[in-house]
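Only one chain comes next, encoded as structure tokens, the form predicted on its own.
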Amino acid sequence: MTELQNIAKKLFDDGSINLLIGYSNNENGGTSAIFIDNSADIDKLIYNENCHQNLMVYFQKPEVKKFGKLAFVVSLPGLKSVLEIASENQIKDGDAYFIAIDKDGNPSLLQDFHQIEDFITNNQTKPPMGLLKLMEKINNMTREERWQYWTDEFSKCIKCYACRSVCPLCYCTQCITDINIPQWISTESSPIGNLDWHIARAMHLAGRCIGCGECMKACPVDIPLALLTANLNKSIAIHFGDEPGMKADYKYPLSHYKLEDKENFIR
């Protein structure tokens, strides 16, 4: 039995949890989320380089919350999601256990936000080089070129909302896209409807996105969605000096006013 499985088994055996959400091999040769409610199935639990899904997307699901005492297997982005939703009062200290996987693949059991903050600080990683180069390329474009680039990318959108489904920070009980009185977002896959959706999504995640990149991985037409929120986060960090997913008491810059905030963006 692996160390990951040992930690999970102990949590079940001592009655600390009723449900564990982690990763398992699937019939297609890849990995999928697995929901374990007893220690007899612990041998199905795995973790490897293919386990990238941000499992914190399941935390807000009613079907999960009904189990009460929870545990999650999480990588660095998953832990950042924990602190971000904590800052938004969606999770309290002690609501769940987290089996964190460090950059060397070793598991650790984390039980409070302070431990999570320390773990993130000690296991920071850099974004993929390919993503950084594409971001630099887009940022070096003129304003008109950037507009054309994103207009072309959004034109591919089929409005499947996979980006919304995999995002742990898209937890609204009713999304703006599902409101029809009034109709805020055009529902069809069209130039205006696609633009409305992606601008609304990006603005709702600005200063909140923790950079897991799941939206981009899930997109069936390969729109580089993570670049949008990454660039917005970069601007917020420059102007306000804040980074989401680092502390449980993070103050969302777009909803908190400080006397020392810069006002040079006002024209």
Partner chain sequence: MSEFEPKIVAFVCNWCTYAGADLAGTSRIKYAQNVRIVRFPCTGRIDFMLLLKAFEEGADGIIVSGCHPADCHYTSGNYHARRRWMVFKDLLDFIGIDSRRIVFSWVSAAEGAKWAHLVNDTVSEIRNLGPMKEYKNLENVSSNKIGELIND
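Residue numbers count along the first chain shown, from 1. Not measured: the values here are computed from a predicted model.
Missing here is the form predicted in complex with its partner chain; even so, the following discussion is about that form.
- Checked against its partner chain in the predicted bound form, the candidates Leu70, Leu228, Cys51, Ile42 yield a single residue with a heavy atom inside 4.5 Å, and that residue is Leu228.
- Contact with its partner chain in the predicted bound form, judged by any heavy atom within 4.5 Å, is made by just one of Ser189, Asn123, Gln115, Ser108: Ser189.
- Contact annotation: Gly22 falls outside 4.5 Å of its partner chain in the predicted bound form, judged by heavy atom distances.
- Using a 4.5 Å cutoff between non-hydrogen atoms, Ala202 counts as a contact of its partner chain in the predicted bound form.
- Proximity of Phe98 to its partner chain in the predicted bound form: non-hydrogen atoms within 4.5 Å are absent; the residue sits far from the partner.
- The shortest heavy atom separation between Asp93 and its partner chain in the predicted bound form exceeds 4.5 Å.
- Only one segment in the set 98 to 106, 138 to 146, 115 to 123, 73 to 81 has any non-hydrogen atom within 4.5 angstroms of its partner chain in the predicted bound form, and it is 138 to 146.
- For the stretch 176 to 197, the set of residues having any non-hydrogen atom within 4.5 angstroms of its partner chain in the predicted bound form comprises Ile176, Trp184, Ile185, Ser189, Pro191, Ile192, Leu195, Asp196, in sequence order.
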